[in-house]
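Below you'll find only one chain, the form predicted on its own, shown as structure tokens.
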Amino acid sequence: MGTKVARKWLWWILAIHLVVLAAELVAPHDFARQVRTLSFAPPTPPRWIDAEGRFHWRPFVYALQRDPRNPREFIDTTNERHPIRFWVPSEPRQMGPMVLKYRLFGTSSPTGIHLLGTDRYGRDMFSRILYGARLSLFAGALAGTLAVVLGLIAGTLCVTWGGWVDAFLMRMVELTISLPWLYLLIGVRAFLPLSMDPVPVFVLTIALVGTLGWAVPARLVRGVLKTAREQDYVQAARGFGASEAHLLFKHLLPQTRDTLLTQWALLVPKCVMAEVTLSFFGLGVQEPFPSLGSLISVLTEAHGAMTRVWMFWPAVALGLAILSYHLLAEALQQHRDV
């Protein structure tokens, strides 16, 4: 049962990452495109029923216009429907080695389609959430992977070399766990120049977060390997003349798989939150490149949080991603306990 649940959540997380990875294709607008006349425009969700109560098979949107009675607000122009079309031409965009000239969906509305509204500069929130989630989620996934790999290496060295290497690495584990790593992360990043290019900042964030998360996996791997070394089949293989390298790769390291998978599922949301925290305080990737942290930072402003409820969507997206990883970790833990 645990395996089926874990597989379900793993497929769900993979689907999320594939969607944000294809942000250039899925997003209806460029993440940096500003339309100042649409500042804090409300969402324009797909409609099937028009203002006169008639049903339409093809979804459509209404264009937005300023309310004559309150210029700060928007109203729908219900005199003209703009159908939502799929696979629509757009300006060329680079997506890895490919040049895209189409978007997944769009509309002929003069104000465009904004599924989750716009921010203060008239930038589409749905598009920015896709791009921001890609940065935050992949930074967390890569940092979590780096932490697990470093933990695996450290735990293996503790068991295979032992002696002073084991004692030194375990003291480093205790020191790393005792440190307030979040404050240390912010302090190290704040010491570096803020006006760095996005790619070096992205790589630096992964390196900092990943190297601070290795301690717990290292201690767990050490414990699993020490226990596995005493198993009867390992002792029998050693008695038949198997080398230490053969024992390590054939019999010992496979025992750490479930532990490492569970630790990875637990570390990724922590690493995502670390990147979000850095971006929230302006220490991550700088504007106009979005991150979930920089998108959530708008909520600290009264006009963004209290009167524009759609500005909470980045926080909702972050919460769903974090919850998905925790549910995956719980399913993996149940699988281990079976």
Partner chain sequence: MSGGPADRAVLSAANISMRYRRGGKLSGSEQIQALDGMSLEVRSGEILALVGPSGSGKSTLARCLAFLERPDSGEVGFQGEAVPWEDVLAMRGLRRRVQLVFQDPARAVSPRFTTEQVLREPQQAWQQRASPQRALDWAQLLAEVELDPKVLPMRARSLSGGQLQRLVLARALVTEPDALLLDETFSGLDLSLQAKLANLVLGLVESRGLTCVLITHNSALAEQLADRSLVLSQGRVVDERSAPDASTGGTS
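The structure presented is a predicted model; accordingly, all values stated were derived computationally and were not measured. Positions refer to the first chain, counted from 1.
Beyond the structure shown, there is the form predicted together with its partner chain, which is absent from this document and is the topic of what follows.
Within 4.5 Å of its partner chain in the predicted complex, do Glu230, Ala236 and His246 each have at least one heavy atom?
Checked in the predicted complex: all three residues contact its partner chain.
Any chance Leu204 has a heavy atom within 4.5 Å of its partner chain in the predicted complex?
Contact with its partner chain, no.
Test of understanding: in the predicted complex, would Pro92 fall inside 4.5 Å of its partner chain by heavy atoms?
Result no; Pro92 lies far from its partner chain in the predicted complex.
Considering only heavy atoms, tell me if Ala242 and its partner chain come within 4.5 Å of each other in the predicted complex.
Yes.
When the contact criterion is heavy atoms within 4.5 Å, does Ser108 count as touching its partner chain in the predicted complex?
No, Ser108 sits far enough from its partner chain in the predicted complex that none of its heavy atoms falls within 4.5 Å.
Its partner chain isn't shown here, but in the predicted complex which of Arg85, Lys226, Arg120, Lys250 has a heavy atom within 4.5 Å of it?
Of the listed residues, the single hit is Lys250.
Partner-contacting position among Thr160, Thr145, Thr77, Gln255 - heavy atom within 4.5 Å of its partner chain in the predicted complex
Checked against the cut-off, the match is Gln255.
For the stretch 6-29, I need every residue with any heavy atom inside 4.5 Å of its partner chain in the predicted complex, listed N to C.
Read in sequence order, no residue approaches its partner chain (within 4.5 Å, in the predicted complex).
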